[in-house]
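Take a look at this one chain, the form predicted alone, written out in C-alpha cells.
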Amino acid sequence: MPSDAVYLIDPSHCGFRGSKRAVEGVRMQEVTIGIAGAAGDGLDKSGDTLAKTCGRLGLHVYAYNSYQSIIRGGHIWLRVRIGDKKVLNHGDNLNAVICLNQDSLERHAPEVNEGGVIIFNSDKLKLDPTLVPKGVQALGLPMKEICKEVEAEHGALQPIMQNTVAVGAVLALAKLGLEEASSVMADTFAHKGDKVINLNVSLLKVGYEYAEKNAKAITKDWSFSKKRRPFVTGNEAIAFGAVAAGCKFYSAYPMTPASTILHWMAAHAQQVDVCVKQCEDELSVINMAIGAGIAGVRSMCGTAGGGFALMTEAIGMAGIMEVPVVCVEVQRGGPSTGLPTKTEQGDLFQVYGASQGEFPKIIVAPRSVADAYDTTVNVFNLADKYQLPVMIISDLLLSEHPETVDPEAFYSDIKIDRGQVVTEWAESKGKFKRFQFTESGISPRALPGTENCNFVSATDDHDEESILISDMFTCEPIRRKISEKRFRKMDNLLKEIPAPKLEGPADADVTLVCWGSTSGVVEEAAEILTAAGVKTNFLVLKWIVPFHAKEVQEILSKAKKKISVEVNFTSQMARYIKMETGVSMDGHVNRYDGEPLEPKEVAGRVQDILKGKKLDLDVSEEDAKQIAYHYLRTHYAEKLRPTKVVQESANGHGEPVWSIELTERATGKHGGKMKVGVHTGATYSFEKEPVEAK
C-alpha cells in the first residue's frame, strides 16, 4: 500500500492472478518432486532444502506435507511443486519421487508420470519392476559404494544421510544445480560448524554426480531470475500480519493445525515485543485474549475446531461487551478429535453459530498465504474500529503448507486505526456512556483507568451507561435499542469490505464457487476447463460475515451453470449461499477424505456434472489396494503386499467384491488373499497362505 493510504482493505491484494496466464497463453515450466518415508526419517529437512534452493534461484514453490499424528513411524508424503511462474497448489503430477523405505516404494512408484524418475537406496530397498510405469526411470542409489570417499573422510554415516544423497540426485535430474543448494546447507547447519556443513555438501555432490552419469534429466533448462522469495506457511503469514498490525498479546493452547502460530510467536516474542501465553485450555485462551482487549491491547488467539468449540461462549461475551479480539480457527478433519493432521472445510457453521444469541462479528476466510497476511493486518483495524470479535477461518492446507511468496506481499507501511478510543473525559460532558446509542452503532471506548470513564464490562445486557437490564432494571425498549445499535455496525462494515468479484471470462459456461484454500485449485481447474473448451470463471467468497448477499445473488443469478467446490461432505458454503441469497448450485464437487482437492480432479468432476454423469462412490481398484494395505499394516506387520486385484460377483456377501491377491514382500511368493466390498468397502475375508513345512 502507498504510505499515505487511508483505506483498510488494499484492493491490489484482491486481484485475479492466474487468469493472466490463461489469457496470455504462457505455459508454465514445472516439476513436482515427492519425498516419501516415515515420521522421523527427516523428510522436512529434505523438502526444505529443495524448496529453499528453488526460492533462491527465483523459482516459485508450493509444498504440501501429508503427515500422520505420530512422532515416529507411519507414512509421510511430501510433495514440492516447482514452477517458473506462480504455483497455486500442489498439483496433480509427480515427476520424481524419493522413496526412503519399502512401503514408500510400493505406494508411490506407480504414481510417477512418464518421463519421470524413482530414486531409492538400492542397498536396502527392492523395487518390483511391475510397479514402474512405462517411460519412468528407476534410479537405485548404491549408497555404500558411492559414499566411500565421504565416509573415509568424515567417518560412519547416519542412515538419515541417505536423504541428502537422494536430494543431490534429484537436483541434478531437475537441473537445479548444486550452488544454491550448498548455500542452503551452509545456512541450515551453520550452528553445527563447518565439518557438518562440508559433510552434507559432499553428500549432495555424491548424489548429484551419480545421477548425472546414470539417469536422464526430467526437465529442460530453467531460466533463473535469482529473485529471492521467502518460503512461508499460512500460519506464519498470520503471525507476521498480527505483529505488523500491532498485536501485543497472543494466547493459545497447542492444537494442530494452529500450533505453529504459537510456535512462531513464542520463538520471536522478545524480538517483536509480544506477550505470549500458553494456557491450560481453550477457555483460558479466549478469556485472556478478551481481557487483553478490554485493557486496550491488540490481542489474538488461535485454535483448531475442537478448541474453538470450547471458546464459543466467550465469543458471545466479546460480542455483548463490544470488545475487539481476533480469533484464528484452523479447520481439520472432524468431528471430535477426527483427523488431527488432515485438512477439511467442515467448521463453517460452527464458527457462524458461535455462542448463543445474536451479535455483530466478522468471519473471514483468507484464500492464500499472501492473503492470510493481508487479511490479518486489516481485521485488527476492523476489530478496533467496530469493537467486535473477528474470526479468521483457515484450514490445515492453508495454515501448514509452505510456499514462496513475493517479499513485497509482506508490506510494512500499515496505517493503524484504533477507532473511537477516549483518552480523556471532562465531568462537564456528563456521565461517560460506554455503550452510547449512536447512528453508526459505534460507541466511545475508554481504556480502564481513564479518568471519569467508569463502566462495567458485563456478560448481561445493559443500557448506555453499562447498567444491567437483566434483573431489577429490566427494560424492553432499551433492550430493543441496544440490539439495534449493535447491529447498525454491520451496515457500515459491509460497505467497507470489498464485495466478491467474478474472476476469469465474463461469458463463461460454468462458474465455480469456492472459499478459503480451495481458491488456488479452483483457479487452475478453471484454466484446465477453459483450455478444454468449457469456458470457466470462478467466484471466491472471502468475507462470510457480513455477507454481500446482493452482489453474490446478482453474480450467480446470471451464471449459466453454478458448481460449488469444497473440502467437506455437505457443501456448507453452498448451503450458506442459499440461506443468504436463495440461489442453489447446479452441482457440487466435494472431497472429504482428509486430503486437499487437486485441479484435474475438480476439472474432471465438473465435466462429469455437465454430462449428467452421477458420482461413482464405489471402491475403485486402487481404493481396494489401499484398503488392503491398511488391513495388512494394522494386522500383519506389513509382511505382505497387495498385487493383483480382480472384481467378482457377490458370492454370498450381498455386493460385488474385489478379490485381492497378496504377495510376500521378502520372497515374492503368493501369500494369501482378501475380499473387499465394491459398494461398502467392507473387509469380508483375509486368508493367509499356510507356511510350507520344511
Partner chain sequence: MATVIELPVETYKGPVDPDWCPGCGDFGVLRSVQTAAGKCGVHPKDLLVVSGIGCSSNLPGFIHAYGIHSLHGRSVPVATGAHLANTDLKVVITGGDGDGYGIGVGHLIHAMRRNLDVTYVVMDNQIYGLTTGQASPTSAKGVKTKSTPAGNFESPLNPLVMAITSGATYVARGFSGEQKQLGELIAGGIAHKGFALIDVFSPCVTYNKINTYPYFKERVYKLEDEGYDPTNFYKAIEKAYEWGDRIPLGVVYKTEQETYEDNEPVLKKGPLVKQKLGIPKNVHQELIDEMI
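Positions refer to the first chain, counted from 1. Quick caveat: nothing in here was measured; it's all calculated off a predicted structure.
The next section is about a form of this same protein that is not shown, the form predicted in complex with its partner chain.
Novice: Do heavy atoms from each of Phe569, Gln626 and Gly681 fall within 4.5 Å of its partner chain in the model of the complex?
Specialist: Verified in the model of the complex; spot residues all out of contact, no.
Novice: Report yes if any heavy atom of Pro230 sits within 4.5 Å of a heavy atom of its partner chain in the model of the complex; otherwise report no.
Specialist: Yes, Pro230 lies within 4.5 Å of its partner chain in the model of the complex.
Novice: Can you tell me whether Gln271 touches its partner chain? I mean in the model of the complex, with a 4.5 angstroms heavy atom cut-off.
Specialist: Yes, Gln271 lies within 4.5 Å of its partner chain in the model of the complex.
Novice: Is there any non-hydrogen atom of Glu601 lying within 4.5 Å of its partner chain in the model of the complex?
Specialist: Contact with its partner chain, no.
Novice: Is Phe473 part of the interface with its partner chain in the model of the complex - any heavy atom within 4.5 Å?
Specialist: Yes, Phe473 is a contact residue.
Novice: Between the options Ile363, Leu502, Val297, Val552, which residue brings a heavy atom to within 4.5 Å of its partner chain in the model of the complex?
Specialist: After the contact test, the surviving option is Val297.
Novice: Sort through Met317, Val117, Val619, Ile442 and report the residue having a heavy atom within 4.5 Å of its partner chain in the model of the complex.
Specialist: Only one option qualifies, and that one is Met317.
Novice: For the chain shown here without its partner, which stretch in 535 to 543, 561 to 569, 132 to 140, 409 to 417 has non-hydrogen atoms within 4.5 angstroms of its partner chain in the model of the complex?
Specialist: Careful reading of the contacts points to 409 to 417.
Novice: For the stretch 281 to 301, return the residues whose heavy atoms include at least one within 4.5 Å of its partner chain in the model of the complex, in the order they occur.
Specialist: Residues within 4.5 Å: Asp281, Leu283, Ser284, Asn287, Met288, Gly291, Ala292, Ile294, Ala295, Gly296, Val297, Arg298.
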